[in-house]
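Given next, in structure tokens, is a single chain: the form predicted on its own.
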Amino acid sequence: MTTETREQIVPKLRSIPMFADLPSEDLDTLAGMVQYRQLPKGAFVITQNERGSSMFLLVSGRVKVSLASPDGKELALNYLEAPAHFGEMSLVDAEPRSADVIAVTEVEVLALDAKDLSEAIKLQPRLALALIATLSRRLRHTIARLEDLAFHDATHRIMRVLLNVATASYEARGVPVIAGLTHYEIATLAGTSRETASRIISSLAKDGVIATKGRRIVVDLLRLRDRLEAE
């Protein structure tokens, strides 16, 4: 874990879209509220069931949100890529953390303590809207995932994962590319085996719905969405 000065934190805050248009003096004030952390691959940013008093702004890297059973089995719920935020639920309901959040690459995060959240919202009211939208989106995502597991086959579930991840990439960076996720990681999100995921991804590539380039998957969002709706 390393530390940075307020002056070094300001550009990191400015890289987050919701803060990009804040005046310099407001960014400087916000920089004084957050704590900078740099964590290596494999580090736990959040541990399930711990008491949490901070939310996190992910400014670089990728994290995995997952659940672990007492016998060591893991269920991956989601992968988040910068810019993103997480850990806000414990600030809202004062309950223990609901899942582990693990760095799958080296990551940089900014921790915002619960006591400073109100002041941060005063500086940028869109933060409150972003938190509400995130909680709503994650609830919808959970409902959709339960529906997929209950009513749809592995092909549908894999396509849904590809569409969700590629859409998030397009919204964040303007390109519908899935980078850095292995077939195993995609399979765990879809609730199926790596072999099944690989077979379905290969079939979608042959049909021109996606294009694979090494560990990058370029998704034709319109064709993939049409394929899902046609099922």
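Values in this document were obtained by computation on a predicted structure and should not be read as measured data. The first residue of the shown sequence is 1; numbering continues from there.
Another form, the form predicted in complex with a small molecule, is not on view; read the next lines as being about it.
> Could you tell me if all three of Ile186, Gly191 and Ser198 have a heavy atom no more than 4.5 Å from the small molecule in the predicted complex?
Spot residues vs the small molecule: no contact at all.
> How about Gly87: is it within 4.5 Å of the small molecule in the predicted complex, going by heavy atoms?
Yes, Gly87 is a contact residue.
> For Leu117, is any heavy atom within 4.5 Å of the small molecule in the predicted complex, or not?
Leu117: no contact with the small molecule in the predicted complex.
> Test of understanding: in the predicted complex, would Arg97 fall inside 4.5 Å of the small molecule by heavy atoms?
Yes, Arg97 sits close enough to the small molecule in the predicted complex that at least one of its heavy atoms falls within 4.5 Å.
> Decide whether Val101 counts as a contact residue for the small molecule in the predicted complex under a heavy atom distance cut-off of 4.5 Å.
Judged by the heavy-atom cut-off of 4.5 Å, Val101 is in contact with the small molecule in the predicted complex.
> Based on heavy atom distances of 4.5 Å or less, which listed stretch (118-126, 87-95, 103-111, 153-161) is in contact with the small molecule in the predicted complex?
Of the options, only 87-95 has residues within 4.5 Å of the partner.
> If you check Leu57, Val65, Ala168, Met33 against the small molecule in the predicted complex, which one has a heavy atom within 4.5 Å?
Filtering the options by heavy-atom distance leaves Val65.
> Let me know the one among Leu39, Ile46, Leu27, Leu181 whose heavy atoms come within 4.5 Å of the small molecule in the predicted complex, would you?
Of the candidates Leu39, Ile46, Leu27, Leu181, Ile46 is the one lying within 4.5 Å of the small molecule in the predicted complex.
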